[in-house]
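Here we start with a single chain on its own, the form predicted on its own, put down as structure tokens.
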């Protein structure tokens, strides 16, 4: 079996393992840019019953080229992101609980901590509500995404995360939920303690982000 197809399968299994999905509400995809094939979770198949061979290969227009099952209904949004952000190799969509609280309120996840600054380099932006017809979701993501930030909150909907491969996109979705949880509790505690919360200054966010992304963090 194609190695990318296996990796997409394994990345999808991380969503329930990390507590990022309930039921079948979520999906991971990866793209083979040379062959112009997107591998994506099949629609409505429970994670606990899904097999590697169930992962569907489609072209950029949604035509099935590998597999027999119907692809995720979100395939059109994944394809739009791949078409319009050429450096992206993996896309994740979830309705994870704490991030969806921010989505329900249509507010971004503010950058209160250095940990969020490390990974996202900014607040995690939010879009206005858009329906799922045609390219509406993809266009909203392009309109509101911040360069260098691998995640976005879709208003009244959930999370889209994207990175150079499926595994990193899942990591971005995981950390989106992590900081949504931290920040929601921080906002609640701030209200209780009557403390005014402030985002980190932009120059501090930039400093932490750059260190994490190649200026000192990790191994050579």
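Bear in mind the structure is a predicted one, so any value in this text is a computation, not a measurement. Residue numbers count along the first chain shown, from 1.
Just so you know, the form predicted in complex with a further copy of the same chain exists too; it's not on screen, but the next bit is about it.
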Just checking whether residue 135 would be counted as a contact of a further copy of the same chain in the predicted complex - the rule being heavy atoms within 4.5 angstroms. no
With heavy atoms only and a cut-off of 4.5 Å, decide whether residue 52 touches a further copy of the same chain in the predicted complex. no
Do residue 168 and a further copy of the same chain come within 4.5 Å of each other in the predicted complex, heavy atoms counted? no
Heavy atom to heavy atom, is residue 219 within 4.5 Å of a further copy of the same chain in the predicted complex? yes
Does a further copy of the same chain, in the predicted complex, lie within 4.5 angstroms of each residue among 7, 66 and 125, using heavy atoms as the measure? no
Out of 123-157, which residues reach within 4.5 Å of a further copy of the same chain in the predicted complex, heavy atoms considered? 129, 130, 131, 132, 133, 137, 156, 157
